[in-house]
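Okay, here we've got a single chain as structure tokens, the form predicted alone, with questions on binding and movement later.
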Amino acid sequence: MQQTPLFSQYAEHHGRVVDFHGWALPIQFSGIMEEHRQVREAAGIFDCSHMGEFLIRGRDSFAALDRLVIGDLSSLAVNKCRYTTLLHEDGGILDDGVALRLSEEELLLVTNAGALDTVDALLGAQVPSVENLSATLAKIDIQGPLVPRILLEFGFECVRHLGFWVGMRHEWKGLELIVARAGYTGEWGYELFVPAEGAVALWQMLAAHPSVKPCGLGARDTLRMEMGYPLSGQDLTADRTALEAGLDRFIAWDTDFPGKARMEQQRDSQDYQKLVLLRSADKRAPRNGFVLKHEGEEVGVVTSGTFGPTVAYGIGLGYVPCSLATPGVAFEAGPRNMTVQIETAPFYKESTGRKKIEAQQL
């Protein structure tokens, strides 16, 4: 298994390591439930160094990238972030990611580990000027309502100026970092891109803070599920389009992208399956692969499911026909026909991620 620059730190915090797309990563440290609460109430750090980072330079390269994704990234303002998906030729989802405009001539595209080699090959073949920084950058996500104060204690003055989905370069102790106010948990948080040689020192500094605890993939999954965020390779797959995945607000219909005709046909006919949020009436959770039935007829499938520690009921994501994709519509799920119903996003509605920074808070 591949190891991130922070692999040596897992044992220091009793991390339990698993194979995640060929990477040795911690599934948990102190426990999934405890780590989940830590992020919701204080602050947690995640090693996300397995993810891909690509630096794309020049307007011609931006235009080439636009022809591979659902969004118009050329129009992205400097220091702004935008979510998007890379597509197969037929419009199926190859991977999702986030673009950050670092300057007029530079754009950072952050992708996932599962499709990293395929994405690298695609960008290398289609984009004139692209540099794969994945091996040289570590990525530490720090998430939770106390995070702004914590980072200010350590000299990250840039957090005073970062709104939601904004990022910029920031020098810290002689290292050039990229700091973006974003994350996968729904809480107030930042993604810290640091040169690999400086990752351990930054991790150790953050982990030593009394309000911070290391967190693993398990809590990352339950946290993203409570927000209704899809997972690449599980909820987002090659046989689903961005429209099916409920990502229509990110589609730039006036641009050209792979599979556009297919998605236009889906949009106009409204004859496709759509990704929805599903909740149970108790702590039982719908699970990946559960068949969804409506009035006795098989109509869809669950793609993600777990118990939501904060909301205290079973939660899931799944695909159902557009005609049934309405909050409150109920289904029977799995071999025991447990009842689930469509919920409005997100499940957990008290998260701090989008809150404005108030002077008195800092």
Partner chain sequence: MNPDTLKYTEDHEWIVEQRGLYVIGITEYAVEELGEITFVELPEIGRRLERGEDAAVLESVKAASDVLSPVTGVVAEVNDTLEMEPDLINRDTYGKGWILKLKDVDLEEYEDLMDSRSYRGYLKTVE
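Remember, predicted model here, so these are calculated numbers, not experimental data. Numbering follows the first chain given and starts at 1.
This next part talks about the form predicted together with its partner chain, which is not shown.
Enquirer: What is the one choice in C48, V302, I56, I32 with a heavy atom within 4.5 Å of its partner chain in the predicted bound form?
Expert: If I apply the 4.5 Å criterion carefully, the residue I get is I32.
Enquirer: Which of these residues, Q266, T111, T222, S232, gets a heavy atom within 4.5 Å of its partner chain in the predicted bound form?
Expert: Answer to the contact question: T222.
Enquirer: Please state whether all three residues R82, K349 and T352 have a non-hydrogen atom within 4.5 angstroms of its partner chain in the predicted bound form.
Expert: Answer is no for this spot.
Enquirer: Even though its partner chain is not shown here, does R67 get within 4.5 Å of it in the predicted bound form, heavy atoms only?
Expert: R67: no contact with its partner chain in the predicted bound form.
Enquirer: Taking any heavy atom pair closer than or equal to 4.5 Å as contact, tell me whether R149 reaches its partner chain in the predicted bound form.
Expert: Although its partner chain is absent here, R149 would stay clear of it in the predicted bound form, with no heavy atoms inside 4.5 Å.
Enquirer: May I ask you to check whether Q38 falls inside a 4.5 Å heavy atom distance of its partner chain in the predicted bound form?
Expert: Flag for Q38 set to no.
Enquirer: Should R16 be counted as a contact of its partner chain in the predicted bound form, where contact means heavy atoms within 4.5 Å?
Expert: Taking the distances in the predicted bound form, the answer for R16 is yes, it comes within 4.5 Å of its partner chain.
Enquirer: Its partner chain isn't shown here, but in the predicted bound form, which of 102 to 110, 266 to 274, 128 to 136, 279 to 287 has heavy atoms within 4.5 Å of it?
Expert: That would be 279 to 287.
Enquirer: Could you list the residues in 323 to 353 that come within 4.5 Å of its partner chain in the predicted bound form, counting only heavy atoms and keeping sequence order?
Expert: If the 4.5 Å heavy-atom criterion is applied to its partner chain in the predicted bound form, 323 to 353 yields only R336.
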